[in-house]
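In structure tokens, the next block holds one chain alone, the form predicted alone.
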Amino acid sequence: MKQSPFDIAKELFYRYAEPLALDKRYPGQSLMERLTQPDRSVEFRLTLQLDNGGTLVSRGYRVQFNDDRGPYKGGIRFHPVVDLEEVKALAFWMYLKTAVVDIPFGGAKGGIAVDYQKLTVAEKERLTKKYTTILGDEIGPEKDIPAPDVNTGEREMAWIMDVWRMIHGRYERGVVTGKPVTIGGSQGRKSATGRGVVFCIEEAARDLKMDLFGATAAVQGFGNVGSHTAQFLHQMGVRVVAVSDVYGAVRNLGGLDIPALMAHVAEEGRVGGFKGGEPFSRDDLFYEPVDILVPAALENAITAAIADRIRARLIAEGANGPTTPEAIDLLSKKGVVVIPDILCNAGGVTVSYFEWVQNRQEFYWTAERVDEELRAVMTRAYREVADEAMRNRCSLREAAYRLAIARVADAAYRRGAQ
């Protein structure tokens, strides 16, 4: 029977929490149970009147998972395969992610099971605002702070902020992050996850004594995270030789012209048809003989069968949960270094934290300061994880989980059980 994303998330937690002996360290606190159960899961029906007079019926979700270290924080995705188990897993990973980089948030995630791209702009606005109306009392700048995720962006965050303002009768820019800069968004937020991935790659390359200038990379998924990761790698002199999206893939062994490819995707909506590369099967991207592989799409993309054929030296997980537990074990046996998702893609939530801080102060930073602060957080977090891995002779993933779980467990214990 196929495991759900939430089952996988719990399996990894139990695996890496075991050496911490939480029950012995905090007797009578039931921390293993407390830290693996969401605080609140909301599922509801959404109906939307379409422009043609028809009615769309879909499911909406919001999961709030552990606020021991601060308000819930997490994105909203609009995608046909969204379900409650996926949203719970993503919220679970989010509270671990904020703990790894040591920012004062818990975890949350939300979504709607809908083929969002097929809707008109007016339909998208009505759907987003209806979703927000239903959750109006569940979100807020000191309670639960949404952000963009798959198929959502600054436009949707502006719509959410507008509805929250109408419900509560006051202007609170910090109710969401990832907003347009003109209404309180932060410089650098859109590219933050990709930039954080590259900061981690730089640190890992230093440890591996890998010269990034002239190194090769393949990027699976060319959405916001994948495209910005490819862009920053390209600027550093890395040859990005292959990229893929949901429709197909292109490669050029001499290196793709990433700015030209991004312009092509902005116009055509897909990487296919790009004249600067040859088309090939997107499933074959994982097997390219590259130095760096960046999975930046959806969960469970790298299975054991795929991991067995991967030839990259370094994997940087730009997506959430892209590697199954069986694949994790196989890659470890092969000696492939994997920068885990809860560290590698934490740049987005880190700059969301910066945006929230700026909103609360109504004092806004330059792009240069955002980038400087992000680099400081990501490199510090990477070094803490790498040092933990060296001390315990374990993988970066296990080290990241150990640090995150220990931090949240300590906060939970200090808060008490009531």
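Since this is a predicted model, take the numbers as computed values, not measurements. In this text, residue numbers run from 1 along the sequence as written.
Another form, the form predicted in complex with a small molecule, is not on view; read the next lines as being about it.
- Proximity to the small molecule in the predicted bound form, taken as heavy atoms within 4.5 Å, picks out 93 to 101 from the listed stretches 289 to 297, 164 to 172, 132 to 140, 93 to 101.
- Among 200, 218, 147, 307, the residue placing a heavy atom within 4.5 Å of the small molecule in the predicted bound form is 147.
- Although the partner is absent here, residue 88 sits far enough away that none of its heavy atoms falls within 4.5 Å of the small molecule in the predicted bound form.
- Residue 66 falls outside the set of residues with a heavy atom inside 4.5 Å of the small molecule in the predicted bound form.
- Within 4.5 Å of some heavy atom of the small molecule in the predicted bound form lies at least one heavy atom of residue 349.
- At a distance threshold of 4.5 angstroms between non-hydrogen atoms, residue 229 is out of contact with the small molecule in the predicted bound form.
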